[in-house]
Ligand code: ADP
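This document starts with one chain, in the form predicted on its own, laid out as structure tokens.
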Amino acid sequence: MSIKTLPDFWFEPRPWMDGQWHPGGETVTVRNPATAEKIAEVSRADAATVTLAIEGAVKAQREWREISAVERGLVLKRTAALLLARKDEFARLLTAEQGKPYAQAAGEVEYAASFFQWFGEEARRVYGRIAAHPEAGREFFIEHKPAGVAGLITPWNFPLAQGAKKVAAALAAGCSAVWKPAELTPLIALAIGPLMREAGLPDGVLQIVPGRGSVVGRVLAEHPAVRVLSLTGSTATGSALMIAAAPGIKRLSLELGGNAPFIVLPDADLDFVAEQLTRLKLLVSGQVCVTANRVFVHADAEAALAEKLAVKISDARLGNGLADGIDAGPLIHRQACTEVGALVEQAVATGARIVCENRSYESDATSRDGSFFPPTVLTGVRDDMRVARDEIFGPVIPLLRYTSVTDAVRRANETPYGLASYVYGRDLAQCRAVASAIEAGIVGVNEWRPLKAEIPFGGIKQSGIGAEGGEEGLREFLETQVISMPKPVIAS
């Protein structure tokens, strides 16, 4: 079996500040979740170091905001090109650190590059306008200006792509940024620092500070120079950040938890549904905030869909993502396996049935210390079970029966979350009607991965506020100023 090797580091595992590696404090071991092997010891930033990073970002932003939007965009587009040129190195690092299969990691590198490219193009499109004044001889100038220093907090499931979304948008707007990567996956973020310097980014515009969330997040929330906070994380973390940021009245952009419904309409092609749903649930082994959490299927089709899913899931190959031909990797750590397992156990104890489990990883001795959880298909799941109420964050597919589409839509919306959803069927008019009735920020109709750099993405209800991607993603880092001026007149 061929195993890809970890690339040689072109970065140091400690804070990247003002264009150089800064001494850190306590260290933490980063391990490959597929094998538990040590990858690196990373030095964390303490509160004093984070404060220094913010102060450096303040100085750098004064010059960055004065650079033309075209030049800012060129830096971002050069970053995209460099990422793609070094896709293999970044993908191998990402797989080793996060656990996802190499093919998925390479896809994430491409996805991250698309945000640097998109916002590199959007940077020059931050237009103001002139508005009519009710008084003769005057006019309004409406301008959009960078908000200031942005604090960026990213998760471990898409540690490169989520960083790219935020970093590229903030920098395109003319902000500087202090980026706190996830505690479990700091290496891929640190790898971006020297890459962006190579692309022409001035020192200090992007500061990268690995550290404890309780330490770095608090400083970002409380420091008066940080004017925007952008977080991708749990709803609980988002709520805590809102509270901490409230005294400073900071602008917030939050992408939080989800409980996505996946509605299979009675006329859906079940073979297509099974193929798409399997791809969706094996992506990062189900550790995705937009993955299908509740699969609503008509009672007459439940058994047939379960059988087709069982075939697809059983054919998948699980193991170390650096090995060839792997379809799904481990969960991020052993505790995650325990938590997902508890959801499945509770469901089975209260009436659900396991149709299939895939334990193909058990055949690889090198994976015995990894944090693997078997992809599982459940039938007979009810709305009151925890596996239907909680965000699973694992490769579990719970099937929930319905008898009318109206009932399925009602039940789909009975959740405090509203991030993503999916509708599958042949009648596109019916699909469109169901999609419009769903309370979610994005709906994929016969599409398992509708997220792209060109469109805004964000949640409603307790799934967040604000948007990432599209032209809307840039607005999160801009303030509006109105200047009322006399109209110029020709001197006599």
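We number the residues from 1 along the sequence you see. Computed from a prediction, not measured in an experiment: that's the story for all the values here.
The discussion below concerns the form predicted together with the named molecule, not included here.
In plain terms, the part of the chain that comes close to the named molecule in the predicted complex, with a heavy atom within 4.5 Å, is 181-189 out of 181-189, 406-414, 376-384, 135-143. Put simply, residue 237 is close to the named molecule in the predicted complex: some heavy atom of it is within 4.5 Å. In the predicted complex, the named molecule stays beyond 4.5 Å of every heavy atom belonging to residue 296. Within 4.5 Å of any heavy atom of the named molecule in the predicted complex lies no heavy atom of residue 194. The named molecule in the predicted complex comes within 4.5 Å of a heavy atom belonging to residue 213. Put simply, of 286, 148, 120, 155 only one has a heavy atom within 4.5 Å of the named molecule in the predicted complex, and it is 155. Of the residues 278, 104, 367, 232, just one reaches the named molecule in the predicted complex with a heavy atom at 4.5 Å or closer; this is 232.
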